[in-house]
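To begin, one chain is listed below as structure tokens, in the form predicted alone.
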């Protein structure tokens, strides 16, 4: 048997160090926490919060492939999220019966529509640079909202579409108790989405760490130099956009499964979805993928619990009228927190922490 080359030995040692590092155990612990959430915190609010973090962390990671790894700013990423949600809703809600085949077909159609539309947008819009591409995608996103609202006979309009899950994923399903937890269709849906999002996240990690991902980072850093090396930057950018958009569409279908309802504002809204994605990506750190988890957790936790601070302030400080007025406008507090994160973590939380650790080495 041939001896390993120095390069192979280096890679083997790198893998061993990777699986012994603190970061690896932190990731395993985080995954274990999401697995145990229904057992440790069985309330609907907590489980729903955990699910929202999982879904949006995966969605933000798919957006980070475009922005953080390829340097492409797209305001149309939320549109693909909505396309995925609507495709699944059409098959198991408005135009189809709840069945596993229709559910799977909804995801397949979502991936196909997203890939075709992403390729069309790439070939029509990548010829323009920077802000012009962002404006084109923003216009397309606004067009999608208008179409989803006006074509009410097809999309349900502002009334939206309700989804009914098949078999063990149905809300009415109940398999009894396990370790004190009632195994309902809602809990099984939680674990199905968790497993699906884990698979998508691992696929994105493989994508970014592949030779293709390295080329995308080279294009992000210097397009002219990448072209001088012989890479067809247009093709690589189109692949990046298509892959990220397909993942976003699949995540949108998972989101539709969880909430059981889709409408233009909840799935296609530029302010409600796209702005949240952008903020989460900036908070967590661009070009990290894992920043999506931190950004989604920060945004979702603050958005969930900040409104409750007003009630706590009234209970503990009944005479502090100014404090009550400030907490009543909790979006202002969220904005202040976002500004503080940007000031103290200019590269996002994960990016700044990595930079600090690299300096200490």
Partner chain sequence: MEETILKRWSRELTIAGAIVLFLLPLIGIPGKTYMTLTIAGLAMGMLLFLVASGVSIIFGLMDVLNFAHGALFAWGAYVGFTVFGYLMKWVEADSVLQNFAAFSLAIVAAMVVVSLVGIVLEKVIVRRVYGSHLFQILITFGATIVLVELIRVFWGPNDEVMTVPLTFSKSWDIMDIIINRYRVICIAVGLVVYGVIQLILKKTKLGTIVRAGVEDRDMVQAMGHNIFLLFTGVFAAGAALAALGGLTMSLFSLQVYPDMGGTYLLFAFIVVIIGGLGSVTGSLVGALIVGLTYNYVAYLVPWAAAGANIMIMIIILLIRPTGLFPVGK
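Positions refer to the first chain, counted from 1. Think of the rigid core as the biggest set of C-alphas that the two forms share within 1.5 Å after superposition. No experiment lies behind these values; they were computed from the predicted model shown.
Omitted from view is the form predicted together with its partner chain, to which the following refers.
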Which one, 52-60, 26-34, 66-74, 301-309, holds residues whose non-hydrogen atoms are within 4.5 Å of its partner chain in the predicted bound form? 66-74
Its partner chain is absent from this chain, but in the predicted bound form, do 134, 335 and 343 each have a non-hydrogen atom within 4.5 Å of it? yes
Give me the residue from 161, 118, 103, 282 that has a heavy atom within 4.5 Å of its partner chain in the predicted bound form. 282
Contact residue in the predicted bound form, chosen from 238, 108, 138, 223 - any heavy atom within 4.5 Å of its partner chain: 138
Could you tell me if residue 91 has a non-hydrogen atom within 4.5 Å of its partner chain in the predicted bound form? no
At 4.5 Å between heavy atoms, is residue 95 in contact with its partner chain in the predicted bound form? no
At the 4.5 Å heavy atom threshold, is residue 12 in contact with its partner chain in the predicted bound form? no
Might residue 123 be said to contact its partner chain in the predicted bound form, defining contact as any heavy atom within 4.5 Å? yes
Heavy atom within 4.5 Å of its partner chain in the predicted bound form: which residues of 137-164 qualify? 138, 139, 140, 142, 143, 146, 147, 150, 151
Taking the rigid core as the superposition reference, indicate whether the CA of residue 337 shifts 2 angstroms or more between the shown form and the other one. yes
Pairwise C-alpha change, residue 221 versus residue 341, in the predicted bound form against this form - closer or farther, 3 angstroms or more: closer
Residue 343 and residue 302: do their C-alpha atoms lie closer or farther in the predicted bound form than in the form you see, with a change of 3 Å or more? farther
